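Presented as structure tokens, the chain that follows is alone, the form predicted on its own.
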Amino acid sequence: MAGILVILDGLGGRPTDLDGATCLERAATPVLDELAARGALGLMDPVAPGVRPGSDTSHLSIFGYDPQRVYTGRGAFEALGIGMDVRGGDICLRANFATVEERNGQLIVLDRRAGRLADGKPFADAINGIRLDELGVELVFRSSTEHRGALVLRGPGLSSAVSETDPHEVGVPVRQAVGQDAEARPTADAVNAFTQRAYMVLRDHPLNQERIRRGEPAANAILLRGAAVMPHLQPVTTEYGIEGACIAGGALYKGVARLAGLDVLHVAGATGDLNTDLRAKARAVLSALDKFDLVFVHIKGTDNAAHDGNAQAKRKFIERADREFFAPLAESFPWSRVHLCVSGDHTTPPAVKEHTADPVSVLFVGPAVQPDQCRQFGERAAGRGGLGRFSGRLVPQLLGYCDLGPKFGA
């Protein structure tokens, strides 16, 4: 038996999405509805009822970890997911290219994503040329997808107990990092020095001058958040004695998967945005079934559209996923030996443009799954489903249907 877990990022919605219904309920999804009729539905609280989850904490919970115990911050997952060399004592931070304007000695945020910068890699060499030698700190920066990246700070006595520089809103200054205790103040000084020097380097970068001439927002600042050291996790693959694979475009999801013991597969066209090649991801899943017991697939476009407040774009992306990803799988799966789980990592209503604490629809289908009475994959149907309402732990449940894993007790 093999288990396939598909996470549509930010899948969950509210009746405020589209005239009294969620984007998922309004979307035309004949394949997912057919799978729902063959399987069982439920509602999942990604971390716990009433907890508004981040993508990092929700994925830890989905994989069966207790984020209250093991979570150290998002930066570690971002750095690991990009493939950065992270060592003991390193401090990892999640990074955003942003657009700022200097006013009265302050950097005022105009766009937290620099117009959703398509590719930050051309700026990486200039950023890595920044020196913090007088502070006894080395730095390594790497760009990932779109406006995202990660920064690793290396040196003696560094601490992750520093606040973020990202204000999470526009029209306000970039925040000064603050150490939460005396030991963290040198790290905060390094973060603040990096922020100022990154602005000086990026402000005059030829590519930004060209962006300004084209009327595009300059990627002239780096916002940092999620300072973390690397957590120590028991790999799921070790606990269950299996081989696992990850298919994703975003660094965070690759990072969590790597810590869980999964191999990250490169899929051309898996970009982690609305233009990702969903058919290529489907082909990669089918190919992976020949080698792996667990295949984790992350699809980001639903969340991108929701964060932009575009309900129609979210609905259309769900429909495209149904046609281009789920249809090829449903037609080609060896269903006698495959169990499929489809869900989201959190709810992102377009009207809110941010994660909320609402539960997310879950679908399990496969030979060991007892079908319920639901015939549509959506929030209201899932509320009536046979799986009920539960918190996280999708991977352990999926592997349980596959009769994989250790027995608890005698």
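Note that this is a predicted model, so its numbers are computed, not measured. From 1 onward, residues are counted along the sequence shown.
In what follows, reference is made to the form predicted in complex with another copy of the chain, a form of this protein that is not presented.
**Student:** Looking at Y199, F326, F292, Y71, which has any heavy atom no more than 4.5 Å from another copy of the chain in the predicted complex?
**Tutor:** If I apply the 4.5 Å criterion carefully, the residue I get is Y71.
**Student:** Are any of the heavy atoms in G344 no more than 4.5 Å from a heavy atom of another copy of the chain in the predicted complex?
**Tutor:** The answer is no: G344 has no heavy atom within 4.5 Å of another copy of the chain.
**Student:** Using 4.5 Å between non-hydrogen atoms, is P30 touching another copy of the chain in the predicted complex?
**Tutor:** The answer is no: P30 has no heavy atom within 4.5 Å of another copy of the chain.
**Student:** Does any heavy atom of P67 come within 4.5 Å of a heavy atom of another copy of the chain in the predicted complex?
**Tutor:** Yes, P67 sits close enough to another copy of the chain in the predicted complex that at least one of its heavy atoms falls within 4.5 Å.
**Student:** Should L43 be counted as a contact of another copy of the chain in the predicted complex, where contact means heavy atoms within 4.5 Å?
**Tutor:** Residue-level check for L43: yes, a contact with another copy of the chain.
**Student:** Judged by heavy atom distances of 4.5 Å or less, which residues of 5-34 approach another copy of the chain in the predicted complex?
**Tutor:** G13, R14, P15, T16, T22, E25 sit within 4.5 Å of the partner.
**Student:** Knowing the shift is 3 Å or more, I'd like to know if the C-alpha atoms of S55 and R94 are closer or farther apart in the predicted complex than in the shown chain.
**Tutor:** So the answer is farther.
**Student:** Relative to what's shown here, the Cα pair T356 and G81 differs by 3 Å or more in the predicted complex. Does it come closer or drift farther?
**Tutor:** T356 and G81 sit closer together in the predicted complex.
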